[in-house]
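Okay, so here's just one chain, in structure tokens, the form predicted alone.
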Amino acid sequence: MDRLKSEFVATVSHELRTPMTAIKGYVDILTMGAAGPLNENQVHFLDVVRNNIERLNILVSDLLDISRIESGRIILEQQPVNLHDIAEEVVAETLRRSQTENKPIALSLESQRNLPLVIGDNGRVRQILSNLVNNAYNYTPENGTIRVNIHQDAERGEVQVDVEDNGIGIRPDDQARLFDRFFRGEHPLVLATPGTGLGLPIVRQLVEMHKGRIWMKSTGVPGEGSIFSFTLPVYKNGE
């Protein structure tokens, strides 16, 4: 039954991508004025359609990732990975989003000097960090702060990444279920933010596939935020 469920989810998710791509393409064409000039209301309606297509795309991508992970079809391309470079890209991308959405957020990156490389799949490591930083952005009100800190844990042979924010935090009652599939909290900002409840479960499984660890801390008090941390093994020559 589990195998059939995973195959069904993968098939349906894959088939959804074709019509969504077509819808997005025609929305873009209409927005450019290919069918004639648009008034303000028409532009607004097309923006609503585009935003909902993006929500569907996120859902489909997450469902595909979950089904691939469960069926063992995700194979990591292990290589030396520079966490600092990936973090710089993710922070820069989030800053651009902040400017585009006119939501002021202070983002900073602190990284230990001579940080060793880690062993991992470059694309999947970027997915892990991007998800955590995007969550921090989504659940931190404007004029908040997000800090990414990267340092080595020499005793464990790991590099640790902390993503800290001063957002709404996570209630203690919700923390045990945070990495469960489809779970989302009931804070108004969470309910107002598009999401599937699959991002953190995917991140946890990807971290564990890299033989890393992931955890979080939060008092649950709004304004005191959360800290999400994960580790990846240090790259050793010959691995």
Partner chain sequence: MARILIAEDEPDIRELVAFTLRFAGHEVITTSNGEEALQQAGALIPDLILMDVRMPRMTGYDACRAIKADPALTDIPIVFLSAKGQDAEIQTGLDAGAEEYLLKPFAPDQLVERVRAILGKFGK
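All values reported here derive from a predicted model rather than from experimental measurement. Positions refer to the first chain, counted from 1. Just so we're on the same page, rigid core means the largest C-alpha set that superposes within 1.5 Å between forms.
Although not depicted, the form predicted together with its partner chain is the subject of the following passage.
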Q. Heavy atoms within 4.5 Å of its partner chain in the model of the complex: does Ala22 have any?
A. yes
Q.
I'd like to know if Glu15 sits close to its partner chain in the model of the complex, meaning any non-hydrogen atom pair within 4.5 angstroms.
A. yes
(Q) With a cut-off of 4.5 Å between heavy atoms, is Asp28 one of the residues that contacts its partner chain in the model of the complex? (A) yes
Q. Is the gap between Leu64 and its partner chain in the model of the complex 4.5 Å or less for some heavy atom pair?
A. yes
Q) In terms of non-hydrogen atoms within 4.5 angstroms, which of the given stretches 64-72, 41-49, 201-209, 172-180 touches its partner chain in the model of the complex? A) 64-72
Q) Which pick from Arg124, Arg147, Lys103, His84 sits with a heavy atom within 4.5 Å of its partner chain in the model of the complex? A) Arg124
Q. Core-aligned, is the CA shift for Gln205 between this form and the one not shown 2 angstroms or more?
A. no
Q: Align on the rigid core first; then say whether the Cα of Ser61 has moved by at least 2 Å between this form and the one not shown.
A: no
